[in-house]
Ligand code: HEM
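In the form predicted alone, a lone chain appears below as structure tokens.
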């Protein structure tokens, strides 16, 4: 078909809640990754103890933005507009199976098939991203308390490791003042697997993001439906009605 003769129609898909989440998530993740890389290489970079505390504090601040934004998106998946909801996010259900079969059949015949929301393969990636982001958020909040004694668990952790509970405010990051050594070792033992999980998921998340971007680029080139601009305008364009459009 001659591309010049193709009539494109615009369809609304992503509401403001989805679009705001996407860009806030992108910026907060970039900030977290940048600071996290420096923290992981602090020794090689010659970062001082005070510098590490400052870096970890700002890492936590970015983490708060990240977690609040993610929590908002998880709630929005219940109350948002049609394509913001779980039905069009997770790769489960009869509709998903039918769409996957349609997509595989179309690919086998080398035909284009269009989806207004995420296509079936993209939904697998979206689920993976949500799982990894959630793990990072939860483990990050725990580490904020065990490392720099910041909320929501910092006060409880400080009380746990303090020698004199009446002077818990004297407990500071990287300081031995008012620290009970036995309790501190117990806390660090509890913290160790959480740190390992946070670091492993960090690398998995970076890999998943790279694959996600690659998938977006391939879809944009193949379908030319404005998948990138849709996160700004909320709309996509298609030469025919998408299969998941009611």
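Numbering follows the first chain given and starts at 1. Nothing here was measured: the structure is a model prediction, and the numbers come from that model.
Same protein, other form: the form predicted together with the ligand, not shown, and the subject of what follows.
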Listed range touching the ligand, judged in the predicted complex by heavy atoms within 4.5 Å, from 155-163, 141-149, 71-79, 84-92: 141-149
The single option of 40, 211, 217, 47 touching the ligand in the predicted complex, heavy atom within 4.5 Å: 40
At 4.5 Å by heavy atoms, is each residue in 104, 121 and 123 next to the ligand in the predicted complex? no
Taking any heavy atom pair closer than or equal to 4.5 Å as contact, tell me whether residue 60 reaches the ligand in the predicted complex. yes
Quick one: is residue 179 in contact with the ligand in the predicted complex, heavy atoms, 4.5 Å cut-off? no
Does the ligand get within 4.5 angstroms of any non-hydrogen atom of residue 186 in the predicted complex? no
Do residue 53 and the ligand share at least one heavy atom pair within 4.5 Å in the predicted complex? no
For the stretch 184-222, I need every residue with any heavy atom inside 4.5 Å of the ligand in the predicted complex, listed N to C. 191, 195, 198, 199, 202, 205
